[in-house]
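Take a look at this single chain, the form predicted on its own, given in structure tokens.
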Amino acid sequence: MNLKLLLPLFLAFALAAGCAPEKKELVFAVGGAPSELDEWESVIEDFSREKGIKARLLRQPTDSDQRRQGILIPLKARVRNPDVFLMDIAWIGQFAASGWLEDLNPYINKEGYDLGKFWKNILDSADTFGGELVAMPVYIDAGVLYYRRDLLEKYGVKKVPEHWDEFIAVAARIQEKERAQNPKFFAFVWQGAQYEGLVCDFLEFATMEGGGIGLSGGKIKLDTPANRAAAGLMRDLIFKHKISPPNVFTDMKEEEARLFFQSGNALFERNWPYAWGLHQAGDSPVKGKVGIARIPAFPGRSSVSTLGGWHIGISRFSDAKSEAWEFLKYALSRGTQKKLSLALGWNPARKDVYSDPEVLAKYPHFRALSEVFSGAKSRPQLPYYTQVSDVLQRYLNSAVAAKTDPASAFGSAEKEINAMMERYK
């Protein structure tokens, strides 16, 4: 054998092997409770095995602010990892406005990926920014109305009132009857303390009246008839109709409202889906007595729920975008969504999981949640939403507490927010 002839071929092969690109590793960043991270580890392992793509889970803290910071820093630095990550819905506007999120439309159009399995209202209001689909929902959250089925039946109310006028009348009547045996009883508890939850509740009242946080000519618009009516109703529930306790605007956040309702001292409760499992716990006084419905609307309007939850996006600076797209599809597949739902009790993003017999056997309330989610709407996709909310919370809480009239509160909030926005420019 002529070694002189084989040597060039060997060198060429060795050179080609040495220059071959290293197989890319996909990095997925996600935080949460230990049980959630363990479940995501299982998803990553299954994905790697089934798709033949090397993937690694980047574990983040449970705390939402720390998770945001852990993603924000590498995005600002434009480094390639993490390739794909979960975002709280409130982050999407900032991340998208900063140019950090990959547009998913080209991938969807190329493959003909079916978006019909997801709620269009959620994709449009939460995941679309500047005409680009920059994220997809993984876990859905939205405001729901919990009610005592046993008490409605006791007093001959056949269905949950759909409009506020009827709701108030029913609530006041049952409250008066129940107080004969329970002086602590109030008909309706909700989130009125000065924090983000107050804004979420307000947007449900205001959007149903055609209001909300408006943006016109680059300026925030808050002082509108619809917003005044919404804040006025929130105030009147406490002071005029007296069906909500006086400490709503001082103390009531999610857990305070849940505990009040769960103790048996309320007829209705506005909260998030997480409360369902706690209401049905073995030691809950209201176990087996609770139902879920849409939040009431103003006459002639449709019910609206403020949208929450976690959404998945791809970094614009990723060096493994095709792999990230494959993982995004895998995370949103029916099998993975069902797996996360059964293991963690998560509300899946896919509509078809809500009709799955195995899922419904474990979570029968998913039928009601599916109806609620069809009317869910995201908070405004503003890059500075957090700062806007901080200002609005102060003035809105003052209006709900009857310390300031709604027109003055919204006028002052509008002026302060727009001055802040000028500084941002």
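Residues carry their position along the shown sequence, with the first being 1. As the structure is a prediction and not an experimental result, all values here were calculated from the model. Note that the rigid core is defined as the largest set of C-alphas that superpose within 1.5 Å between two forms.
Same protein, other form: the form predicted in complex with ligand GLC, not shown, and the subject of what follows.
Interface residue remark: Ser48 is not counted as part of the site for ligand GLC in the predicted complex, having no heavy atom within 4.5 Å. Proximity of Tyr155 to ligand GLC in the predicted complex: non-hydrogen atoms within 4.5 Å are absent; the residue sits far from the partner.
When ligand GLC is considered in the predicted complex, Phe239 lies well away from it, no heavy atom lying within 4.5 Å. Within this chain, Phe205 is remote from the site of ligand GLC in the predicted complex, having no heavy atom within 4.5 Å. Partner proximity in the predicted complex, defined as non-hydrogen atoms within 4.5 angstroms of ligand GLC, places exactly one of 306-314, 214-222, 257-265, 282-290 at the interface: 306-314. Contact annotation: of the candidates Asp141, Glu102, Glu269, Asp83, the single residue with a non-hydrogen atom within 4.5 angstroms of ligand GLC in the predicted complex is Asp141. Between the options Gly232, Gly93, Gly197, Pro161, the residue in contact with ligand GLC in the predicted complex by a heavy atom within 4.5 angstroms is Gly197. Every residue of the trio Ser64, Ile89 and Arg379 has some heavy atom no more than 4.5 Å from ligand GLC in the predicted complex.
No residues of 239-253 lie near ligand GLC in the predicted complex, the criterion being any heavy atom within 4.5 Å. Superposition on the rigid core between the shown form and the other one places the CA atom of Asp63 2 Å or more away from its counterpart. Annotation for Phe167: C-alpha shift under 2 angstroms between the shown form and the other one, rigid core superposed. When the rigid core is held fixed, the Cα atom of Trp346 travels 2 angstroms or more between the shown form and the other one.
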